[in-house]
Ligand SMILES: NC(=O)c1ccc[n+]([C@@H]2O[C@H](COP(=O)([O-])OP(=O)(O)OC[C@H]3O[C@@H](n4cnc5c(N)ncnc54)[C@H](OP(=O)(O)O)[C@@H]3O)[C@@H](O)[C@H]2O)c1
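Single chain ahead, written as structure tokens, the form predicted alone.
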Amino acid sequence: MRAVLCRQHGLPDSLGVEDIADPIPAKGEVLIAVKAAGVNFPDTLIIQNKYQFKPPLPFTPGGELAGVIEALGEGVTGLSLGQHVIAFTGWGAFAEKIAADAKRVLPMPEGMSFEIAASFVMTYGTSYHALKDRAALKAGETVLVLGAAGGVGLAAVEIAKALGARVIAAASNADKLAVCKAHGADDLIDYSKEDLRERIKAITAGQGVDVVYDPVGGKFSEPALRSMAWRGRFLVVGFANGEIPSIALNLTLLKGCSIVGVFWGDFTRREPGASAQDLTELMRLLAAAKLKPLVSETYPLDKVADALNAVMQRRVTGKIVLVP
């Protein structure tokens, strides 16, 4: 089979596509023919050895996929040959086939395309865990989403609206903000042209926001924290900007607010029951058409460097996927 291989840590252009032996499912695993694999910001970090997960070299990147089960390992129950499934794997998805832990495999909803299925679990799972579990978001509260046109950002816009919140979407240009508006954002901030704090103050009549969803980091984190309402919750989701900000802790005292970490990958491992419940609730929202995942582009395996560079340079709206 063909697979993307990371033989040394580095930037996307260092990756190659090679012919390697087909994997054989071990006990508790299933062999999946990959039909589409989601491309996510953590993939760009893993290949540089900058992420929490550090697979041994050489390895195949790619943390989520959709495909068809081709073989069952010993002891696997509840899944069947030929079944269309989604899998969350951490790495290994940028290949034609993968042997995946059956505990991290779930049936694809009927009628869903492989491209949408491969781009759904990580982004929507992260954003739902952040807003529902970590922020305890309530209907009527106001949410500011930074980097709102990206994968997790756009998912956060939709989920916050589905949970009854008012959503302020902040992004870097008018085209991205138009996508946010189409996906449910109530108010828009172009932080390449507008002062973030002043716009938040104007939009909220000086009250501030109850929840900040920040997958970006960098220079906008502190002004967003300064714009929080009393007892607000600041969600630390990631650092797509590349800069991890330093926050003066006296701000949390003055605002009576909380800074809350969001690590969905470890949440799924440590709390599998709660994670499964979240995914069940997400599927209900999807079936009710309250979520509308956006896949803006697809790439073949040979263009993996182009796909990852687009993510690193923050040129992606919604999600992109690899199609082996």
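All residue numbers refer to positions in the sequence shown, first residue = 1. Because the structure is predicted, anything quoted here is derived from the model rather than measured.
Keep in mind that the form predicted in complex with the ligand is missing from the display, and what follows is about it.
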Check your understanding: Within 4.5 Å of the ligand in the predicted bound form, heavy atoms considered, which of F234, W91, Y191, F114?
Key -> Y191
Check your understanding: Where, among 78 to 86, 144 to 152, 95 to 103, 249 to 257, do residues come within 4.5 Å of the ligand in the predicted bound form by heavy atom distance?
Key -> 144 to 152
**Study point:** Contact label in the predicted bound form: V216 to the ligand, heavy atom within 4.5 Å
**Key:** yes
Check your understanding: Using 4.5 Å between non-hydrogen atoms, is F263 touching the ligand in the predicted bound form?
Key -> yes
Point to revise | Partner proximity in the predicted bound form: M312 to the ligand, non-hydrogen atom cutoff 4.5 Å | key: yes
Check your understanding: Does the ligand come within 4.5 Å of any heavy atom of P293 in the predicted bound form?
Key -> no
Check your understanding: For the stretch 222 to 240, which residues lie within 4.5 Å of the ligand in the predicted bound form by non-hydrogen atom distance?
Key -> V237, G238, F239, A240
